[in-house]
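A lone chain, given as structure tokens: the form predicted on its own.
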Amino acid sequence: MRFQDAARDARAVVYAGIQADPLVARAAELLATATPGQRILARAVMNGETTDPDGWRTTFPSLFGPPVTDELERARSEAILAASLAVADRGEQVRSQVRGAIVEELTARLLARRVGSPAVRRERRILFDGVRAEIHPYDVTVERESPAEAYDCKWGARGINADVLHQLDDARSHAADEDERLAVALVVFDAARSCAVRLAAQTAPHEGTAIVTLETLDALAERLG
């Protein structure tokens, strides 16, 4: 088993520009230390249904209202709201790409707390002897002594589909065939219940794939799964 940079095709070049957007890094940095409630706020606002900040403050009184006694937490909520509104204000297609890039950057930052930044790589393919390489790279990988780790990242539960589940499970099983350990996971910036409903409708194998949801994101900094 070995890792390889993804091909620099037109898609990769365009997406690299999205990943380099300062808004992606700013949002990911804020979300890396956010509370579960603040992450739910970010998801709701970034969906772009309304860009009225006062409306969101009213919708999430526990983050902005009188119950909040910690001014630092209130300030963090305001910063997350501002960054999320900046994402929501993008056009629909760009907003979708930016949200995906934020989830990937957030995943990489949380993993780096556990394994160190040098081990965390982006947009990498995994190659196995005698097996045709996947066209699409993995969003985030942890490349170190066994077990290595591979992650695909999705904004919402609707991103869970047979293709991504097969790709992750195939990589895990191919690694096992070479007597290597590869931990695989799908990171979804959505509620566990939504992910469970989506997974229940899938027939692709996923028993060996960890599902990381809004509620369990911090586990990336501690362990896989």
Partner chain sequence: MPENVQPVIDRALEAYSALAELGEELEDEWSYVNDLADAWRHRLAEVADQRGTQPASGAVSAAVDRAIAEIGLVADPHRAIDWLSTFPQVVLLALGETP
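Quick caveat, the model's predicted, so the values are computed rather than measured. Numbering follows the first chain given and starts at 1.
One more form of this protein, predicted in complex with its partner chain, exists but is not displayed; see below.
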Quiz item: its partner chain isn't shown here, but in the predicted complex, which of 23 to 31, 176 to 184, 162 to 170, 193 to 201 has heavy atoms within 4.5 Å of it?
Solution: 193 to 201
Practice problem: Check whether residue 71 has any heavy atom within 4.5 Å of a heavy atom of its partner chain in the predicted complex, and answer yes or no. | Solution: no
Practice problem: Would you check, heavy atoms only and a 4.5 Å threshold, whether residue 155 touches its partner chain in the predicted complex? | Solution: yes
Quiz item: Could you tell me if residue 95 has a non-hydrogen atom within 4.5 Å of its partner chain in the predicted complex?
Solution: yes
Quiz item: Quick one: is residue 56 in contact with its partner chain in the predicted complex, heavy atoms, 4.5 Å cut-off?
Solution: yes
Practice problem: Heavy atoms within 4.5 Å of its partner chain in the predicted complex is the criterion; list the residues of 99 to 115 that meet it. | Solution: 99
